[in-house]
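There is one chain below, alone, in structure tokens, taken in the form predicted on its own.
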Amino acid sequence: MAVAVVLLVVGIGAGYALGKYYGGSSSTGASAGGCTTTISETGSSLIYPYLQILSPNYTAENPGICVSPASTGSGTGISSAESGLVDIGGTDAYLLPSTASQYNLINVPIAISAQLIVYNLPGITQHLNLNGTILAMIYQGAITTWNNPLIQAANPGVTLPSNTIVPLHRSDGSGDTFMFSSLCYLSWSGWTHSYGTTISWPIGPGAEGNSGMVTTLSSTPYGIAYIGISYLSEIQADAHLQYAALGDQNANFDGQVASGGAGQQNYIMPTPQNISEDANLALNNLQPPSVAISLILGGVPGATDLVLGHGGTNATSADPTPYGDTNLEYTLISTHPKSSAHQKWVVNFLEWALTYGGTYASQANFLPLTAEVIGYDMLALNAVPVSA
């Protein structure tokens, strides 16, 4: 607990409370294994494995208080939070502050995640080099075969097949789609679909949820898909699947963009260090009062007012190898709860997740939040009305 306190105070300063129920546990008189209070959550399939890890550990420290997560996609997580059907909506795509205010919600990020570019390419077992330009062109139908010159230029010495690429996408409203379409939007001027949780994809089959993407891709030779990193274990266990190194948007550290979008870039693996570097870049200019931020769209005018010129894909001399498809994982909760007594436990769970949950993040291939973001989260949670 002392370590957590030090991190928080260093990150945001000493001028804020550490949370209404910081470090607290309940004494509810519940029988062993029984739930006197259940906190309902639905949404992002990317965040779902992490919540599955957090839930029993939280209940072990707070007997009788249970968290019940469901993997339904970020679109459902957002709509369910907006309509008040659940206590927590899970999403990889933040709500704009104006939208959150309209529905009396707040964005509470709880972890740093990333997305993998996964492919089923018979005969190819190594990590290919791909980048945002290539991916945008594949998903818009401008690149159709694996041996396209742009892909070949990014992978010298690899014999690529001439087979047609089968691009898979999420059929449900998805924060992973928000992340991936944001990357495509930033990477290629020919991208015509903007970005969001739902895209009208011009080609390729759809699959529901990250688990559906893994299963469908496994049975789709020459397919490619975007899949949350919390499903890395399933990907690694499947002999048909491999994931790519992702090209940095810059060829070097002075901001000169690589010509042609291929062949002159740093290609970066989604390691914890490289994901952390990307988050450090994107969160460099984070300002209160909100933490509604896209680590990918940080440099896009109008996308967020919290990051000034720092898209998460720009390498610097201090952070030379950022993995550019990273994200914050969000929970959405109400500032006008139906029951302040029940909302006490919703806030308690999130404060516990922020304070202690980071110790479990690696089990879902996530990273803990930075101390600054935790501090802003705590400030936001302190404003939620709950009973004593």
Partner chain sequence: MVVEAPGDQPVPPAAGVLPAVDDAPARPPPSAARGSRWAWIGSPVALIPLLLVVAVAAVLVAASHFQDFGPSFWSTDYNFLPADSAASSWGIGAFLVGTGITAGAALVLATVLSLALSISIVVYLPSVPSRVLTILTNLLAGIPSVVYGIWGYVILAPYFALSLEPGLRDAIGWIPGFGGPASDIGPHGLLLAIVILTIMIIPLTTALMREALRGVPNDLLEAGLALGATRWEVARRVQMRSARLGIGSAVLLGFGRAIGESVAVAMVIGAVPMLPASLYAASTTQASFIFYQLDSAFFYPVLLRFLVEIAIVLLAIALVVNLFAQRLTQTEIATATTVGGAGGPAGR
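Numbering follows the first chain given and starts at 1. Model, not experiment: these values are computed from the prediction.
This next part talks about the form predicted in complex with its partner chain, which is not shown.
The stretch from 226-234, 210-218, 129-137, 145-153 that comes within 4.5 Å of its partner chain in the model of the complex, counting heavy atoms only, is 210-218.
Interface membership of Gly247, defined by any non-hydrogen atom within 4.5 Å of its partner chain in the model of the complex, is ruled out. With a 4.5 Å cutoff on heavy atoms, Ser200 counts as touching its partner chain in the model of the complex. For the chain shown alone, Ser79 is a contact residue for its partner chain in the model of the complex, at least one non-hydrogen atom being within 4.5 angstroms. Contact between Tyr195 and its partner chain in the model of the complex is found at the 4.5 Å heavy atom cutoff. Proximity to its partner chain in the model of the complex, taken as a non-hydrogen atom within 4.5 angstroms, holds for one residue of Asn266, Gln242, Ser276, Ser171, which is Ser171. Screening Gly84, Gly141, Gly206, Pro161 for any heavy atom within 4.5 Å of its partner chain in the model of the complex leaves a single hit, Gly206. In the model of the complex, Thr72, Gly73, Ser74, Gly75, Thr76 are the residues of 61-76 with at least one heavy atom within 4.5 Å of its partner chain, listed from first to last.
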